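Shown next as structure tokens: one chain only, the form predicted on its own.
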């Protein structure tokens, strides 16, 4: 009983520690300029929406959100489509070779972004893809494929091979068995992989900064990071923009939390 109470207390403390910065930013976004600089700090804001108005209308946050949605959406669709084919091959590979592929995927996923920044920029520059959606979508597809393949290979591996064999006995090719039998059964895994890679792309900053230097094409993380001026730090606008950028992810996480937990748990068990 004491151990359960202690674990509950620890989990509650971790939850408070994790949520507190975002909660404070939400309160900050609802303050007036006077409340923002008040000493001692004002704990309860007056629900002032001026910072939201400034972030959305004056700082071009809506355009950045549209850029993020377009890039993250397209990259997610391509990543999941390619990742499903690769994950199916990994899942149906003999055990020892499959384990090697998964370790290789993990190693690729751990590669620091700064190590590939120079070659990536040179390739995109040679192709004329800098400051284009396709340049950032191609970059994000490479970034998200290891995660998508890892998650989907686990889901495909849980499906009995006999189901595919029965479909092929009935006349399906391997590709038809994948499309008509395996993918519908692995729909929760596809949704989980899509959601996790979308969140990865939505929050990605480093590659977006070096690929998209045109202010009209910048994504949310880069646009918010460039809010500060040379002599000013607009905390109110930054807090409002961060809140707006986070709300879609919170809504998606709450809507698909069971699928996310299942996907992460399956990866932990099978990995």
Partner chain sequence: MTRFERSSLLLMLPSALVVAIFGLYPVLESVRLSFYRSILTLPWLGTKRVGWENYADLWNDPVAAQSLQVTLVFLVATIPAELVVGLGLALAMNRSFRGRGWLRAAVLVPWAIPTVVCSQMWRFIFNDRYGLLNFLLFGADVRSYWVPLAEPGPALAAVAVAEIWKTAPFAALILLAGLQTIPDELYEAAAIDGATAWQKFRHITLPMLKPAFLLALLFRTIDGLRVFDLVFVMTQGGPADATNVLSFYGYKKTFAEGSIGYGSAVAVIVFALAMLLALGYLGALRRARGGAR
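The structure presented is a predicted model; accordingly, all values stated were derived computationally and were not measured. Positions refer to the first chain, counted from 1. Take the two forms, find the largest set of C-alpha atoms that superpose within 1.5 Å, and that set is the rigid core.
Below, we refer to the form predicted in complex with its partner chain, which is not included among the displayed structures.
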If we define contact as a non-hydrogen atom of the residue within 4.5 angstroms of the partner, is residue 36 a contact of its partner chain in the model of the complex? yes
4.5 angstroms heavy atom contact with its partner chain in the model of the complex for residue 93: yes
Close approach of residue 41 to its partner chain in the model of the complex, 4.5 Å, heavy atom: yes
I'd like to check something about residue 186: if you look in the model of the complex, is any of its heavy atoms closer than or equal to 4.5 Å to a heavy atom of its partner chain? no
Contacts from 66 to 93 to its partner chain in the model of the complex (any heavy atom within 4.5 Å), listed N to C, are 82, 85, 86, 88, 89, 90, 92, 93
With both forms fit on the core, has residue 23 moved 2 Å or more by CA between the shown form and the other one? no
